[in-house]
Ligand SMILES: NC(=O)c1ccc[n+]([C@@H]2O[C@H](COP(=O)([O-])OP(=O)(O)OC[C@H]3O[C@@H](n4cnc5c(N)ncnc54)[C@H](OP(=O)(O)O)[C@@H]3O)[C@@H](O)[C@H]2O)c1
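Presented below, as structure tokens, is a lone chain in the form predicted alone.
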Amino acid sequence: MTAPVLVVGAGGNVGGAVVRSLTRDGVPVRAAATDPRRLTTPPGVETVRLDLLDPSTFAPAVRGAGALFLVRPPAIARVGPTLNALLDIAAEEGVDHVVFSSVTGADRNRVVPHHRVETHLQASGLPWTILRPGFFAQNLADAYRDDIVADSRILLPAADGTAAFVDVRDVGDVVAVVLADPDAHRGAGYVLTGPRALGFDEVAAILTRELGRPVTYEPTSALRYLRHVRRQGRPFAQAVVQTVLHTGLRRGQAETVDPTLERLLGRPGRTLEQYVHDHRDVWAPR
């Protein structure tokens, strides 16, 4: 691929991993962010301004791109005038392939915003591949970090549900595999999980061993968790989606270990233990 891959959300966990994986494989990348001056990218990566709340930035960012990697920023709840409008521009500009990072179950769950993006993409006429990763290992450094750092606990409405955590570094590698031969993956939807499903008491035990201090898992109700997340400053729509996804763990929505990631990469996915070990400083006490 000689035209660059436009990577939406290049400053985030998933987008950043995609930029690194593509760059490692010698694929030209155009990293997009609301403020590209704040991006930290590998040498030689082009940067561009793309604000999903400002449609005037869509066409200049997309023009000349050979492929588009799309991810929904957690703060974006209204996908029609944002992600779906960007897809319309991508179709007008003749983008050759779109890889959308959705979530597990979004093809069936109409509550999550990803479902509407998937539906729009499939009807757009654009060649596409949809990735449906499960719960990210990086949630420990994002959605769960404040509770781990301040209170040495993981507070979730997941009961005894389990999740096969996937590392975004592996998701980035899958995107690189897909875009190395887009035709082979056209119209495919891939569920991506880690190699083992873990309960959150097991996650707390991993953190305890790696951090050298006790970390506990505290199950809670959906309503209490929603209030807790709102007090942490997350927007209401984001807090609702986060609550719905974690409550779904009670029904086993993320417990299945899928072999697709290992098949695509030709190696096992990274374990949660590997992720925590590699990033121990993230949870150092303030």
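Heads up: residue numbers just count along the shown sequence, starting at 1. All figures in this text were calculated on a predicted structure; none of them were measured in a lab.
Not pictured, yet referred to below: the form predicted in complex with the named molecule.
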Notebook entry, point to check: Looking in the model of the complex, any heavy atom of residue 41 within 4.5 Å of the named molecule?
Noted result: no
Note to self: Residue-level question: is residue 29 within 4.5 Å of the named molecule in the model of the complex, judged on heavy atoms?
What the structure shows: no
Notebook entry, point to check: Within a 4.5 Å heavy atom cut-off, is residue 199 in contact with the named molecule in the model of the complex?
Noted result: no
Notebook entry, point to check: If you check in the model of the complex, is residue 260 within 4.5 Å of the named molecule, heavy atoms only?
Noted result: no
Checklist line | Triple contact flag 99, 120 and 194 to the named molecule in the model of the complex, non-hydrogen atom at 4.5 angstroms | finding: no
Item checked: Proximity to the named molecule in the model of the complex (heavy atom, within 4.5 Å), stretch among 69 to 77, 88 to 96, 201 to 209, 179 to 187 -> 69 to 77
Next item on the list: Work out which of 229, 249, 33, 61 lies within 4.5 Å of the named molecule in the model of the complex, going by heavy atoms.
Entry: 33
Check: Pick from 50, 254, 239, 65: which has a non-hydrogen atom within 4.5 Å of the named molecule in the model of the complex?
Finding: 50
Check: Does anything in 103 to 129 come within 4.5 Å of the named molecule in the model of the complex by heavy atoms, and if so which residues, in order?
Finding: 103, 114
